[in-house]
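Next up is one chain by itself, shown in structure tokens, the form predicted alone.
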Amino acid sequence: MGGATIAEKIVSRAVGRKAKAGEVIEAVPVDKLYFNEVIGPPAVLNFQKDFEDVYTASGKKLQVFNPSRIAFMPDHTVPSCSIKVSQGISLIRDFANDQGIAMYKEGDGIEHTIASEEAFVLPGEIAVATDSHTCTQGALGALAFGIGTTEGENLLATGELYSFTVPETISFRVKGRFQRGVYAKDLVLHVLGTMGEGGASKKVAEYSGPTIDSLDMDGRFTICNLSVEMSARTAIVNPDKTTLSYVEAALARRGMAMTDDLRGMVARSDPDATYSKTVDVDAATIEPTVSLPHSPANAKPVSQVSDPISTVFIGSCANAREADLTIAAKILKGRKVSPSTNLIVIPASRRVYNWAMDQGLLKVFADAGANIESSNCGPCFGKHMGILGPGDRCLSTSNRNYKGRMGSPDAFIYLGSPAVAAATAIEGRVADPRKYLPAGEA
């Protein structure tokens, strides 16, 4: 009998018995649940409306299933961009205070960055949130995916997902050393271009191989983050020393340590696990890559593209961590943003922002002519801090470039790595970053 994938093992641990891909499980308990200020308010209101009578009838106060396993992380339009958003943030803050739930401040960062940085999500857990890019936590070796408002409401009450189908897994085996100027973002855009928008529909994208093993956590977060753009249920990387070192540091920031119980949660796929498909990727053949409008899967080598760009955005839950800002600053140092281009830089969290300030990276961006904003999702989903107008062309380090994603449906969005973004900001057109990297540097 074949072994189990990491996804199967995580579900098996949660339900207390062996679970196999394709099996429908009546109820699966989740370990962690988090909300942003977009879906959090309606989920809370629905929870109060639908469950208060049940609790009142039994003589109890309305109470979530476990406040220590829930968090609210306002990030999409913060600082608040409207009266409605302010009301929503006040609503979830009051609810969090009443229930004893962790409530993060505006500017603490993007939810998918905070969840890992704060060791809220840990390896081996099932983590869900009301946002499709929850899959980012798969880099930790967690089974993490997005849910809707109704599921979020029910989870507040019960802590369980109902009629859950254990997903099948596609194995992406990646070997080969990156060429100079190629990064994790180029790899995942290449994969999206190969697989297409529906190429991993409802499946787990599991990444392994020497190339993945050599990546830092920032690169792994990027790969898992974008995998949902080929319709994957989620993505995951088997935990290793790099993972555990990251988690131990995150726990230490909270005055905690890696315990035997936490180590016991760590799961890895068996060598003889059964996959629905195996895809071999040679990273050594990949060039710096961009996705052209209007699909993340519309990927091409940057050497084939030189379209003019009016806005460059370095930010989002996909590419705004330490390694991302470091390479962008290396390219921009001593150079200026093109007069025809607006550069927006938004670090992914307050911790990253402060780190970049201490390292002098924010000064590099400011000297180059960038607009630097406090940590939030920014223009990524077209609500504030750089909304695109008709005809605008934006090169973004984010994860989606559908029509209307960042504002006007008549705008054009390109996706690329922080290195491509920095080079593009300098030239005012989609540009190859390799010409700006010193010889011998990655």
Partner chain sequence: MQVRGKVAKRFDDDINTDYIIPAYLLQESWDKQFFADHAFEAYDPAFAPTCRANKESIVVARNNFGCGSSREQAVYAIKYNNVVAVVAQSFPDIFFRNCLNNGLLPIQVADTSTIGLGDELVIDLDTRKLKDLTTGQEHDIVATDASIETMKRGGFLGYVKERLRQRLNAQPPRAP
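Numbering follows the first chain given and starts at 1. Since the model is a prediction, treat every value here as computed from it, not as a measurement.
FYI, the form predicted in complex with the partner chain isn't displayed, but the following is about it.
Within 4.5 Å of the partner chain in the predicted complex, a heavy atom is found for all three of Gly88, Thr130 and Ser201. Gly334 falls outside the set of residues with a heavy atom inside 4.5 Å of the partner chain in the predicted complex. Taking the partner from the other structure, the partner chain in the predicted complex has no heavy atom within 4.5 Å of any heavy atom of Asp31.
Contact check for Ile114: no non-hydrogen atom falls within 4.5 Å of the partner chain in the predicted complex. By the criterion of a heavy atom within 4.5 Å, Ala411 is excluded from the residues contacting the partner chain in the predicted complex.
For the options Asn298, Asn238, Ser231, Ser214, the residue carrying a heavy atom within 4.5 angstroms of the partner chain in the predicted complex is Ser231. Heavy atoms within 4.5 Å of the partner chain in the predicted complex map, among the stretches 300 to 308, 366 to 374, 277 to 285, 159 to 167, onto 159 to 167 alone. Of the residues in 237 to 267, none comes within 4.5 Å of the partner chain in the predicted complex through any heavy atom.
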